[in-house]
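Here we start with a single chain on its own, the form predicted on its own, put down as structure tokens.
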């Protein structure tokens, strides 16, 4: 069965995200665009994931929780979880690995926490986009220990991409998949990140509602919708 996806989306909680990108608006845009599975991946936090899960189910979207983790090397890694409780447990753990610097909303942007009907319920006090103390080497096993999977983000971009930072796609740690921002780059970067067997995803890294992918990229999973989130995590880990 084909599942159309976008697995890298930022909400108004990311300081670089638009204030209109609330959890409900993101899920609603996914419904309009004909997506099946969406993941909310704010910088170094999952605090808008509870609202996103509720909104997604209302809009007929299969939700994944997660975050875009910034490693100690300043490399962006997308972390995904099929279960909300695992995403929130990981959020609490990463909260202890963040370097706390007060956010300047006038410089970096707002960091808004919402409910599933667009009401602002709070904000994050400390800047979310700076590096954590989690290294690239420890990220895959760390995320797996919380029931998730992770992969290097936008490897075809200069900003915070693993190839741009390290010069090569590392052989270690082992990543079973990676992300390109531009689908046209998939063939070129499949070679750079290990060729056969490496699963490449094309995600939007949307910071605005209009950046969210339309119905295009899909994964084929041999399951019904109720099992799709769990099967997707297994697929990205290379277990199926």
Partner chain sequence: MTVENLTEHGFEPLALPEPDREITGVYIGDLLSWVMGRARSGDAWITIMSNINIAAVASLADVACVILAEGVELSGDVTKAALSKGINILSFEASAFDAAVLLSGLL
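Residue numbers count along the first chain shown, from 1. Quantities reported herein were computed from a predicted structural model and do not represent experimental measurements.
If you look for the form predicted together with the partner chain, you will not find it shown, but the lines that follow are about it.
Proximity to the partner chain in the predicted complex, defined as a heavy atom within 4.5 Å, holds among 120, 88, 99, 164 only for 164. Mapping the unseen interface onto this chain, residue 168 counts among the residues with a heavy atom inside 4.5 Å of the partner chain in the predicted complex. The partner chain in the predicted complex comes within 4.5 Å of no heavy atom belonging to residue 145. For residue 73, a non-hydrogen atom is located within 4.5 Å of the partner chain in the predicted complex, even though that partner is not displayed.
Not displayed here, the partner chain is approached by residue 158 to within 4.5 Å at the level of heavy atoms in the predicted complex. Judged by heavy atoms within 4.5 Å of the partner chain in the predicted complex, the contact stretch among the candidates 46 to 54, 198 to 206, 168 to 176, 30 to 38 is 168 to 176.
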